[in-house]
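Take a look at this single chain in C-alpha cells; it is the form predicted on its own.
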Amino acid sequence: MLYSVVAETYEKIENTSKRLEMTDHLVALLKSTPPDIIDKVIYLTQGKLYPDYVGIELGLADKMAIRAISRVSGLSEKEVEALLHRHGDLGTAAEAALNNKRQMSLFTFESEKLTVEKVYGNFEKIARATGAGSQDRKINLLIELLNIATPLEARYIVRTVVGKLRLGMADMTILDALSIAFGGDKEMRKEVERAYNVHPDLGYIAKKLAEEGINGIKSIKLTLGVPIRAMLAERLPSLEEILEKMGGEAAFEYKYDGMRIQAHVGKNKTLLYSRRLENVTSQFPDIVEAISHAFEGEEGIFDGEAVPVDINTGELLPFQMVSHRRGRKYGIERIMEEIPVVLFVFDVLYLNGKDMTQVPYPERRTALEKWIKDTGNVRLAHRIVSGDIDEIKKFFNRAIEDGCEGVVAKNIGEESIYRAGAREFLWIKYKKDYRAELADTIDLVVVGAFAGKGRRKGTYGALLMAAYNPDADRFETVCKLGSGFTDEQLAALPRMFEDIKRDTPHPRVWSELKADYWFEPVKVLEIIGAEITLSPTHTCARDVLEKGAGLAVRFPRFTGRWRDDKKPEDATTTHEIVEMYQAQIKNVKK
C-alpha cells in the first residue's frame, strides 16, 4: 500500500476541526487498507509502532532529524533550523526543505514510491537500534525514507519519527471509525469498545475486525501480559447519598493516595502496568518480588495501589513520594531503600484461567482473601461492609488518620461486576474535603496560556484549563489557573510546554476564550477551588444546566501535583463537574 494514501488522508484530517469529518476521512482510509497491514496503519495514525504497554518508543531527537533533512535536501543544518524556527514544526520544515531540494536527481528516482510497509519497517529498525553506532544507523534509516518521500510524505514521516504527529485523533474517534468501516454504522461501537477495554491495542482490534469481522472481536478475552483499562469511581458529596445509591449497604475500602498498579503474575514472569497502561515493571522490582511471593495461585491479574511508606515510622506517605519512582532507569536500588512501597490489592480481574471481571465484587474479594497472603509489602485493602452511618463515619475517620484520602464505596449486589474502562456508580469515592463549597481536588487538562504581565512578564500569567467531555470526546474550558505556582515553577512553564505549542486551538478543544498560546491537550494538573459557578464564558457543560451558560471553577489554585499518571482522557469529566455543582447547590440549600 502506498504511503502517499496515508499522508494525503492525514492532510485532510489536519485541515478540519470537525470530528465527524475526521472520522469520515479515517473510515475511507481503513476501507482502502489491506487487512494484513491495517494494524500498521492504525499504529502510524496513533503516532506509534506498538500499543503503549509494549514500551517501545519511536522518538528520535530533533537534532538527529535535522541532520537527516539537511543531508537529503542539500541545505545546511542551520538553514533547516531556520525553517523550523519559521514554521514552528519540524515536519513542515522538512516539507519546505524537500520542496527546495538541491540537485534532486542525485537523491531520488521518479519510479520509486514509498509503501506503508517500508515506512513502518524503517521506523521499527529506528526504534530498536541500540549500542555503538546506533545514532548513525537511525539517521541513515530516516535518510533512506526521505530520499524517496514526496514533500508531503516527508512532513508526516518526520513528525512521526520525532513523536509529534498530533493529528488530533483520540482512541475514541478511531473506535468510531472502525465501527463504521467494518459495521456500516456505530451500532458495532459497543462491542468494539468492550474489546478495546480488555485488550487496549487498536492495531490488534482493527486486524481482527478486518480479517474476522464482529465474531473476531467478540472472541477477544483477557490475556495475561495485556493490561486492562482500569475501572473508575464516581463521586457523591455525602455518605447518606452514597448509601441511598448503593441500596442501603455497601463495602467501604480505604482510598489510598498512591499510584494505581495492575499486576500480571504468571508462573515465570510478573509484569506491572500503570493506570496509563505503561509497563512500569523495571521501576518497581520490589513490588514484582513481593506480589510474586504473596500470590499463591498460578496466574492472576490484580488491581491495586502502590503507596510509599516512611521507613522510620511506617506511616503512609503522599502520592508525590511514589512519583519519584516513575520513569527512573538508574538508582532504583537506592530509591527502593529511601522510599519503600506497599502494594494494597483491592481487586482481582483474572485468576487461574478464569475471567473474574464478570463475577460480582463480593466473590472477587473472597477470591483475593483466599489467594493473596499478607506479606507486609503486599496487603489487601482495608475495608468494612456496612449500612450503618455511624460505623462508616468511624471507618472514614480512621482512613484519614491512617494517611488515606478517604474511602471508596463499592456495590455488593449481583450487578457489581468489574466494568473495565468505565466510570460508574458501582464504585463511589468519598474524600475528606467534600463541603458545601468545592474543596475536593479535581484534575484538569492544560489547553492554552495567557502571557504574563508585571512580575510574570516573560512567562505565562495563567493557564487555560479544561475538563474532558467523554460523550463529545473533547476538552471544554472551565477556568484560568494562575495561583499556587512557585516562582521557580512559573519560570519553567514556557520550557515545559515548548514541545506541545500550537498556533491554533487543538481540534478537540472547545474554547470561546482567545488564549495567547495554545497547547496539545496532554498535561494534567491537580487543582483546588472555592466553588463551581455558572459561566457565560467557559464551555464546560455548556447548555446542560442553563442555556448559554457553562460551568467554571472559581478561585482555582494549583496544588503542586502534576498528574503524570493520568492520560488527558482520565481527567475530571464534565459530568463530574455538573454533579459537583448540583451537590454544592443541594448542600447550600440544606
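Given the structure is predicted, the values throughout are model-derived calculations rather than measurements. Each residue number is its position in the shown sequence, starting from 1.
There is also a form predicted in complex with a small molecule; it is not shown, and the following applies to it.
Query raised in the report: For the chain seen here without its partner, which of 559-567, 47-55, 532-540, 63-71 has a heavy atom within 4.5 Å of the small molecule in the predicted bound form?
Result: After filtering at 4.5 Å, what remains is 559-567.
Query raised in the report: Among Arg423, Arg229, Arg159, Arg456, which has any heavy atom within 4.5 Å of the small molecule in the predicted bound form?
Result: By the 4.5 Å heavy-atom cutoff, the listed residue in contact is Arg423.
Report task. State the residue from Arg474, Arg260, Lys138, Arg364 whose non-hydrogen atoms include one within 4.5 Å of the small molecule in the predicted bound form. Result -> Only one listed residue qualifies here, and that residue is Arg260.
Query raised in the report: Thinking of Tyr3, Asp39 and Arg166 as the candidate spot, does the small molecule come within 4.5 Å of a heavy atom on all of them in the predicted bound form?
Result: Judged in the predicted bound form, none of Tyr3, Asp39 and Arg166 sits within 4.5 Å of the small molecule.
Query raised in the report: Is Glu95 close enough to the small molecule in the predicted bound form to count, meaning some heavy atom within 4.5 Å?
Result: Contact with the small molecule, no.
Query raised in the report: With a 4.5 Å heavy atom cut-off, would you call Ala233 a contact of the small molecule in the predicted bound form?
Result: Answer yes; at least one heavy atom of Ala233 falls within 4.5 Å of the small molecule in the predicted bound form.
Query raised in the report: Would Leu145 sit within 4.5 Å of the small molecule in the predicted bound form, counting heavy atoms only?
Result: Close contact is absent here: in the predicted bound form, Leu145 is far from the small molecule, nothing within 4.5 Å, heavy atoms only.
Requested in this report: Answer with yes or no whether Phe346 is in contact with the small molecule in the predicted bound form, where contact means some heavy atom within 4.5 Å.
Outcome: Taking the distances in the predicted bound form, the answer for Phe346 is yes, it comes within 4.5 Å of the small molecule.
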